[in-house]
Ligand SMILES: NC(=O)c1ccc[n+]([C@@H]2O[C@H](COP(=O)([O-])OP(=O)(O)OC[C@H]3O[C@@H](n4cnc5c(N)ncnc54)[C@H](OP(=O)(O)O)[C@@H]3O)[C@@H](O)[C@H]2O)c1
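Here you get one chain, nothing else, as structure tokens; it is the form predicted alone.
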Amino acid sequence: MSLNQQIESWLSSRKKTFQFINRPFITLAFAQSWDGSITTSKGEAAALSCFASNQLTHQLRSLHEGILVGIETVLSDDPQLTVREWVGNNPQPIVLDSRLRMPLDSKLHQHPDKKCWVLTVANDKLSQQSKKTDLEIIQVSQQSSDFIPLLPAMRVLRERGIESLMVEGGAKVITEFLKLGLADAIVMTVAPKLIGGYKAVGDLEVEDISSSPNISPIYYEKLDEDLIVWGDLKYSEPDK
């Protein structure tokens, strides 16, 4: 069985046993250097994965109903969030954007078959942005905030039919999902580079290392020049 087949089989079995009905099954998927960096500095784009690893990322996209990034990823990387290096359906693109900063020329405005969902909160730009026909603005909280509250946001996504969600980043988004114990699985590409830059995971506010999230069971295999690490995410407290 190839690495791609192993991960697809594992992910399929994990989704089948998922018990929660108030949120999607959530997979964190991102690439980092050996020292844990996802880029040289915040706001800068960096291509870390080899071609085979990039194909795996596109395969993972095809295995989820939704794909989510934060607005900082849109501003720095301008992603398409589509399946291009693999055969499969495009997931629903979703962006967390509390201040509605989606650029008019971003690629997500020209998605080939889906309107991008933009999750936001109470915002002065809400009525103006809601008139845009190429985006669907979804307000998940009546309160203003610098970051989208993830618990109500995940409930909204599940109510809209998203049963599995792939979270690609950026660092603030990845950190918040881990901090809240909302991520169920992880697929991490580790590129053989030392960058000393901006880290994928920030402060999780754990007081004791024994209470930090861990990957168990953990699997790993070399894919061309990269190392792929994947497994179930476990928390010291029950999942929320």
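Here the structure is a predicted model, which is why all the values come from computation and not from measurement. Residue positions are given as counts along the sequence shown, with the first one as 1.
Separately, the form predicted in complex with the named molecule exists; it is not shown, and the next lines address it.
The closest non-hydrogen atom of residue 99 lies within 4.5 Å of the named molecule in the model of the complex. Although the partner is absent from this view, residue 72 contacts the named molecule in the model of the complex, with a non-hydrogen atom inside 4.5 angstroms. Put simply, residue 211 is far from the named molecule in the model of the complex: not one heavy atom of it is within 4.5 Å. Contact between residue 172 and the named molecule in the model of the complex is found at the 4.5 Å heavy atom cutoff. Per the 4.5 Å heavy atom criterion, the named molecule in the model of the complex is contacted by stretch 141-149, the sole one of 141-149, 86-94, 155-163, 109-117. If you take 12-32 and check each residue for a heavy atom within 4.5 Å of the named molecule in the model of the complex, you get 30, 31, in sequence order.
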